[in-house]
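Just one chain follows, in the form predicted alone, and it is written as C-alpha cells.
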Amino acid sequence: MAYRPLDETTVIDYIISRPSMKQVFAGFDALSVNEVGDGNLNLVFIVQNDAAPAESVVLKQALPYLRVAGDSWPLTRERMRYETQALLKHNELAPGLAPTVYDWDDEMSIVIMENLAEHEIMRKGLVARNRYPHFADHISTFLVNSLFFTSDLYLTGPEKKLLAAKFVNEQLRKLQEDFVYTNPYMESPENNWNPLVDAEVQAVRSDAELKMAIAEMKLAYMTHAEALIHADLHTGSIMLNERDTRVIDPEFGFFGPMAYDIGAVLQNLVLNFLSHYGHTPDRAERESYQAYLLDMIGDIWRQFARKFDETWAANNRGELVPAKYWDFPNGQEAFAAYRQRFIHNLLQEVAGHGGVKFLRRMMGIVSVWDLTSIEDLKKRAVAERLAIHIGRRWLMERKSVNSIDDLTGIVREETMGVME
C-alpha cells in the first residue's frame, strides 16, 4: 500500500485491512474513530469497537514533516520505525512499563498499539495535583532496565554495536541537538517565550560561561553513545494511574547519554513544581503538593541508584569491566567502589542535561503545558524565571553535585519566599 496520510474517514478501512486486528476486535461493524493527536510530530487516532468498548487500539502515523512547524519543515517518516523498534525493546526489557505493540506497517509509517484508556497523561495529572504512589518505583525500574541492558555494562561489544546500528535516527537527533542545545540560545525563527522574561532570555544568550557549559553538554549528547535512550522522556510521554505506569512515544530513541533520560524526568517534575505558583493559589495546598514532588524526585533517583547498582553487580557480563577484571584481592570491594563512582558521575551529568532542558523550555520552540496553561502571563513569568535560575544552577554547579539533595536543595533555595 503506497503511503498516504490517514484521517477519520479512512482509518477504519485501514484497520479492517490489517489481519492482526482480528485478534483485537471481535467484529468490525461498530468501529468508531477519534483523532486525539496533539503532539508535535504525528497523527494519532483511537479506534474503538462501540459494541464492546474494551476493544480499542491507538493508531499512530508519521507525517513527512514536523507537525508543530508545518509542511515547510520536512522530516523523514523513518522515525516511526525507530519508535516501533524502541517500543518492542522496551516491552522486552521492561515488560508492563510500555504499551503493547499489535501491528507495524513500514510502508504506511504506522504503528498500532494498546490503548491505555484507563491511564492519563502524567503532565495533566500533575497539574491537577494527583498523586501516584508507585511512580517512583515504576519509572526507576524502566530507566534501569532500558539503560543498563542496552549498555556496555551488560552487552558485549558486537552486541552493542549491532543494536546501536538499528537506532541511528539521524533526523530526530538533529532536531534535539538544535532545539535543546543550540537554537534557544541564539536568534532562530522558531523560538518563542513569554515577553515578561525577555531580560532573563537575553541574559542567558549573552552569558559566555553558561553557553560554554551548554556546548559541553551538547557534545556529550552527540558523542556519548552509552545506551538506548528514549530521548524525549518528559511527563507528556508517560501515561499512568495510581496502579500502573507506561512510557510512550520513544520516536526520538537512539544511543546516547544515560543521564539525558533521567534528567528529563526529574527536570519535568521540577517544572510542574513551579507551575503550581500559577495553578494552585492556596498556599497550604500548593506547598503540600510541591513537597510531594520534591520527595518524588529524591525517591526516583535513590531507587534508580540502588537498582542500577544491584542490577550491575548481578549482571556484569559486558566488556567494560568484565568479572575477571576484578579477580584480585579486594577486587569485589573495588568493583563496588567503581559502581558507586559511575553512579555519582551519572548524577552530575543528570544535573547538566537537566539544567539545559530547563532553559530550552523557557526560550525555545516548545514549552510545556504545565506552564503554557497558566493564562496570567505575570504568574507564568514567576515560574519561568525560577526555571531559568534553577536550570542555570543545575548546569553550572553540576560538578559539585554529590547527592540528589543538592539538586532539590537548589529548587528549595531558589523558591524560598516566593508568593508567601
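When you see a residue number, it is the position in the sequence shown, counting from 1. No experiment lies behind these values; they were computed from the predicted model shown.
This next part talks about the form predicted in complex with another copy of the chain, which is not shown.
For a residue to qualify, one of its non-hydrogen atoms must sit within 4.5 Å of another copy of the chain in the predicted complex; all three of Y185, M222 and Y338 qualify. Although the partner is absent here, Y181 lies within 4.5 Å of another copy of the chain in the predicted complex, judged by heavy atoms. Under a 4.5 angstroms non-hydrogen atom cutoff, another copy of the chain in the predicted complex lacks R283 among its neighbouring residues. Another copy of the chain is not shown here, but in the predicted complex it comes within 4.5 Å of a heavy atom of V321. With a 4.5 Å cutoff on heavy atoms, E170 counts as touching another copy of the chain in the predicted complex. The stretch that touches another copy of the chain in the predicted complex, counting heavy atoms within 4.5 Å, is 209-217, out of 134-142, 121-129, 245-253, 209-217. Listed residues Y102, Y292, W193, F342 were compared with another copy of the chain in the predicted complex; F342 is the one with a heavy atom within 4.5 Å.
Shown without its partner, this chain lists D299, D106, D309, D152 as candidates; in the predicted complex, only D152 has a non-hydrogen atom within 4.5 angstroms of another copy of the chain. Contacts of stretch 143-175 with another copy of the chain in the predicted complex, defined by any heavy atom lying within 4.5 Å, are made by D152, G157, P158, K160, K161, L162, A165, V168, E170, R173, K174, listed in sequence order.
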